[in-house]
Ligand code: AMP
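Quick setup: one chain, the form predicted on its own, written in structure tokens, and binding and motion questions come after.
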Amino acid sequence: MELLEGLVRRAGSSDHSALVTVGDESLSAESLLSLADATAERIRGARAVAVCATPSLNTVISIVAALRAGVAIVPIAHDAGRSERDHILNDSGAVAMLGDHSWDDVALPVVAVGGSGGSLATGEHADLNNAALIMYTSGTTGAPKGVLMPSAPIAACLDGLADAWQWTEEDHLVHGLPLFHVHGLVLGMLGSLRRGNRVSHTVRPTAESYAAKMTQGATLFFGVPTVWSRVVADTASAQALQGARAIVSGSAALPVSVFNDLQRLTGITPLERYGMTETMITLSTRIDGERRPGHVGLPLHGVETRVRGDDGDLLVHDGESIGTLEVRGTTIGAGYLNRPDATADSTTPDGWFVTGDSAVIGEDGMHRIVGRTSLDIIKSGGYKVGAGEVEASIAELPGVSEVAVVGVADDDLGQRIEAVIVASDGISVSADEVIAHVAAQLSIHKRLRNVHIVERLPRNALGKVQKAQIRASLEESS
């Protein structure tokens, strides 16, 4: 299988225009493929190589080179700490760094991209299950785990999204997302190289940089909710996106208010999707279908879903019953590297992947992700409460800029519902006001016990709120 068929097709054509742009630097399809293939010859047969994944053409060339060589590549966040780097390099068995990096403590040989140089020795890699990529999870429940991602499920994911979004070679995709996560690397970069469309990486995903690309014919924009909240806060930049074909949000739930503001300011109804490193994207709203705020759509072609209750029984699709989402199909990866125990724990006896996310499926098949089962389903006083519902209620208040709701251990209730909020600039809000608002909007068992006003919420590189950190901090101080 040629995963990058669009790149190969464009390289063989007479079109020598820029195909990939990162910041102010660009490469045509022909130049990118030439540099990548020259590098591929020097790593072919190696077990695995790693790349310091900066927003640069060096990273793009390195990824393409490894894919063309049939060598598993390990993208590592450019700002990863030493212990994280050491774990990933040791666990993956990478034998070299591909392209430049600034990590003085990494002793692996460096293979420069393009040009000439020595070749790497071949090594045993049967345990990699034909992985094209080894992408490491965030490590929220221990050391990061390496997810084995062969070319076939990557291609299935990208083709499913192309179908859902009517994504073609004629698009010009713009994003500024990290090239060490599925969203920025697999969807944004490899998706474009598979389709053969032009792709521009803005280095940083700012409202101004996105708006500026409209003058260059941009048609499709990718972002996470943090990006889109900043875009709608910049009215001029948001309005500049009018005329784009599609706006896609993922990696976390898009607040309904941001969804509505995007629609109002750009005239575009956002597309939302859902997935994990282990499964890639499995659900999405469709550009030719309903795009409902708070919902992540329908299974992609080749994907099946179901929800299972706490008692182990499968739940009906009634739009109300909350259960753990399980998926199976063509986009699922090949398990965790060196962790057969974790692979087995996340797989049911009949072959479904247990996502660990709680979801509701409607009669029409539309999916709504409630949150992480361990963090966003709060069991308080014998009731099961979705944190997202409480967060949505709090977010209605004009004085609230950001909010996270968690369940804090409580001797009486099991868990008590607490909120951490960031106040809007220039608008005052009090804890009592927030508590009263929720009490007036939601059932009594969903009421807040405490509200904490802070300057910022802890987030990871993709803008996801780190609820485990918030909960631990609140429990420590209580």
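A residue's number is simply how far along the shown sequence it sits, counting from 1. The structure displayed is predicted, hence computed values, not measured ones.
Form predicted together with adenosine monophosphate: not shown, discussed below.
Peer 1: With the cut-off set at 4.5 Å between non-hydrogen atoms, does residue 305 touch adenosine monophosphate in the predicted bound form?
Peer 2: Although adenosine monophosphate is absent here, residue 305 would stay clear of it in the predicted bound form, with no heavy atoms inside 4.5 Å.
Peer 1: At 4.5 Å between heavy atoms, is residue 200 in contact with adenosine monophosphate in the predicted bound form?
Peer 2: So residue 200 does not count as contacting adenosine monophosphate.
Peer 1: Hey, in the predicted bound form, is residue 357 touching adenosine monophosphate, heavy atoms inside 4.5 Å?
Peer 2: Within the cut-off, so yes.
Peer 1: Can you check whether residue 273 is within 4.5 Å of adenosine monophosphate in the predicted bound form, heavy atom basis?
Peer 2: Yes.
Peer 1: Would you kindly say which of 334, 77, 120, 369 lies with a heavy atom within 4.5 Å of adenosine monophosphate in the predicted bound form?
Peer 2: Of 334, 77, 120, 369, the residue with a heavy atom within 4.5 Å of adenosine monophosphate in the predicted bound form is 369.
Peer 1: Identify, from the list 296, 94, 132, 238, the residue with a heavy atom within 4.5 Å of adenosine monophosphate in the predicted bound form.
Peer 2: Exactly one listed residue reaches within 4.5 Å, namely 296.
Peer 1: If contact means a heavy atom within 4.5 Å, which one of 260-268, 94-102, 188-196, 371-379 is the stretch that engages adenosine monophosphate in the predicted bound form?
Peer 2: So the stretch in question is 371-379.
Peer 1: Using a 4.5 Å heavy atom cutoff, which residues in 223-252 contact adenosine monophosphate in the predicted bound form? It's fine if the answer is none.
Peer 2: Residues within 4.5 Å: 250, 251, 252.
Peer 1: Pin down for me whether the residue 445-residue 367 Cα distance shrinks or grows in the predicted bound form relative to this form (closer or farther, change of 3 Å or more).
Peer 2: It is farther: in the predicted bound form, the C-alpha atoms of residue 445 and residue 367 lie at least 3 Å more apart than they do here.
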